[in-house]
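First comes one chain, alone, set out as structure tokens in the form predicted alone.
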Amino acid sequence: MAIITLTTDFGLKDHYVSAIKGAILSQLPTVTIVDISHKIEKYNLLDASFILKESYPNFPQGTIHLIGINTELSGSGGYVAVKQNGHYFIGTDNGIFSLLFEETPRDIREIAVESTDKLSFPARDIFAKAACRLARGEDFNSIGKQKEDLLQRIPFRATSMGDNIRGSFVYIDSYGNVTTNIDKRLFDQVGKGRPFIIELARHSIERISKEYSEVPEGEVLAMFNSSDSLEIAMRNGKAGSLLNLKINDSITIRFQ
């Protein structure tokens, strides 16, 4: 059974999400539609890429992911379909794919805009149509002509220098847990099992917890989450707001 996921910044109040779903079901009534999120911060490609990156590998290969974020053509490289890691992605070439994937995709198709398509709502009138074509089993190459490259947005990546790792906060979830761009591989590679101190603007942490319950209620902790990214949290509290942590703020780990 074909699966189409939706990731947008349209919210849940307006008609936009239901209109996309209706357009998909009108073309392919048997398809399964899954909402990844419609509460992405408006026009925030980093926010969208993080949520989709954490979600899509859990779906079966062959799943089609429709991305409705900052869909305007102005300043973009057009509308595209991308095949990567066994999944299909449909959206605007606005830089989101460079944030979503570690490597630049090779299978890129430029979606042709027909004269009857309404450019004011491409997620419904262009993306949904392309998604249904793939869901019906049409060959990926038939979606459009080959496109050689995608617009790039270079994210700030965690770096190491000597005994230190410097990273930044990339996502704050609804519980106030703050995810960084420091992964366990880099932590282990630089740390080599040595004692360390994690330096925040107003707090420091000297151990890695395996779960939230390892610390008393209200205490700040650091742990590697299910994606092996370093996370700063507070048991039964909101670390982001209570510690005044913001997206793109820096975090430093110093090893002894």
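Predicted model, so just to flag it, every value in this text is computed and none were measured. Each residue number is its position in the shown sequence, starting from 1.
Beyond what is shown, the protein has a form predicted together with another copy of the chain; the following relates to that form.
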item: Contact assignment for another copy of the chain in the predicted bound form, among Asp163, Asp173, Glu110, Asp107, heavy atom within 4.5 Å; value: Asp173
item: In the predicted bound form, the one of Glu138, Glu103, Asp149, Glu72 near another copy of the chain [non-hydrogen atom within 4.5 angstroms]; value: Glu72
item: Non-hydrogen atom contact Gln189 with another copy of the chain in the predicted bound form at 4.5 angstroms; value: no
item: Any non-hydrogen atom of Leu243 within 4.5 angstroms of another copy of the chain in the predicted bound form; value: no
item: Distance check, Glu211 to another copy of the chain in the predicted bound form, heavy atom within 4.5 Å; value: yes
item: Partner proximity in the predicted bound form: Arg194 to another copy of the chain, non-hydrogen atom cutoff 4.5 Å; value: no
item: Sequence-ordered residues of 47 to 70 touching another copy of the chain in the predicted bound form, heavy atom within 4.5 Å; value: Asp47, Phe50, Ile51, Glu54, Ser55, Asn58, Phe59, Pro60
